[in-house]
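This document opens with one chain alone, in structure tokens, the form predicted on its own.
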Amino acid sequence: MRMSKVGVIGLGAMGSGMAGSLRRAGHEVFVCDARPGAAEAFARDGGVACANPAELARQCSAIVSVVVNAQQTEAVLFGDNGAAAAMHAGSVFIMCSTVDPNWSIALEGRLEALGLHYIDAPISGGAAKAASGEMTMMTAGKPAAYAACEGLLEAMAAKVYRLGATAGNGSKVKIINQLLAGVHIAAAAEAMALGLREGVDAAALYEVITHSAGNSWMFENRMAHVLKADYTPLSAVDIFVKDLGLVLDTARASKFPLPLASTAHQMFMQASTAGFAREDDSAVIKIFPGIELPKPAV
């Protein structure tokens, strides 16, 4: 693997793990985060903390952006002290957020006009897999862009799917993944809520379902949070308000019906407006009336 200077912008649950994977692979990792102290905390174990995206961009041949949405990506690239104007010609920008596929397609053209390469590279797998380098990347980009980040994607992910020779298909596949993820969390919450309403022991229900045909990865993962009454956000309710909104926007453009995604989106919207916006997405279970949720262990 060719060693290089790599920048990671956004050190949240996924970004910090990805930066750590790059560091373990021997790359010199430059980091930047909007939260005071986050970059410095990462750099204490190796790496370089940067004050803003422009400072980071001047020192790197590749930038991995792991911020929340398109708006934040715009700020990273084109805002005050943005990366785009500071990147060297021929550098590559790897965009890992969940965004409107059409926005991602347009971004490729905007960066090409500046002499920069672009990889549309949404991610999935959760914080634990990001930290261990075992997550999934859904990528699309031009051959020259892949050549510019040779080895970097594989350093961060166990599965790197190349889905198209131009940007767009990476984001489209991620949108479809988020449709399933959101629906599965909503269905898991509904099932657990019904069990609680009917007086079934929550731990017993979890044990049975996770060893039966009705199980899903989201039921097993998210309902464990409910059993512990731990709604610390690894992925917040509002993430699925956003992501399922993108799913519906994508389908609406071609008048394609998505009845399950629409219902799940309404459930997350209800949870958000009820005050649970920043809690873990499993908090969607709190919208169901007449149930007593598990309490934290004393």
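Predicted model only: the values in this text are computed from it and were never measured. Throughout, rigid core stands for the largest set of C-alpha atoms superposing within 1.5 Å between the two forms. Each residue number is its position in the shown sequence, starting from 1.
Below, we refer to the form predicted in complex with a further copy of the same chain, which is not included among the displayed structures.
Counting only non-hydrogen atoms, which stretch in 161-169, 90-98, 148-156, 76-84 is within 4.5 Å of a further copy of the same chain in the predicted bound form?
Flagged stretch: 161-169.
Even though a further copy of the same chain is not shown here, does Pro259 get within 4.5 Å of it in the predicted bound form, heavy atoms only?
Judged by the heavy-atom cut-off of 4.5 Å, Pro259 is in contact with a further copy of the same chain in the predicted bound form.
Taking heavy atoms and a 4.5 Å cut-off, does Thr250 contact a further copy of the same chain in the predicted bound form?
Yes - in the predicted bound form, heavy atoms of Thr250 and a further copy of the same chain come within 4.5 Å of each other.
Does His184 reach a further copy of the same chain in the predicted bound form if we count a contact as any heavy atom within 4.5 Å?
Yes, His184 sits close enough to a further copy of the same chain in the predicted bound form that at least one of its heavy atoms falls within 4.5 Å.
Examine Thr273 and determine whether its closest non-hydrogen atom to a further copy of the same chain in the predicted bound form is within 4.5 angstroms.
No.
Is it true that Gly195, Val200 and Ala264, all three, sit within 4.5 Å of a further copy of the same chain in the predicted bound form, judged by heavy atoms?
Yes, because Gly195, Val200 and Ala264 each have a heavy atom that approaches a further copy of the same chain to within 4.5 Å in the predicted bound form.
Can you work out which of Ala188, Ala130, Ile119, Leu116 has a heavy atom no more than 4.5 Å from a further copy of the same chain in the predicted bound form?
Residue within 4.5 Å of the partner: Ala188.
Find the only residue in Ala224, Ala204, Ala106, Ala144 having a heavy atom within 4.5 Å of a further copy of the same chain in the predicted bound form.
After the contact test, the surviving option is Ala204.
Can you name the residues of 195-233 that have a non-hydrogen atom within 4.5 angstroms of a further copy of the same chain in the predicted bound form?
Residues within 4.5 Å: Gly195, Arg197, Glu198, Gly199, Val200, Ala204, Leu205, Glu207, Val208, Ile209, His211, Ser212, Ala213, Gly214, Asn215, Ser216, Trp217, Met218, Phe219.
Comparing between the shown form and the other one on the rigid core: C-alpha of Glu207 shifted by 2 Å or more?
After core superposition, the C-alpha of Glu207 moves 2 Å or more between the shown form and the other one.
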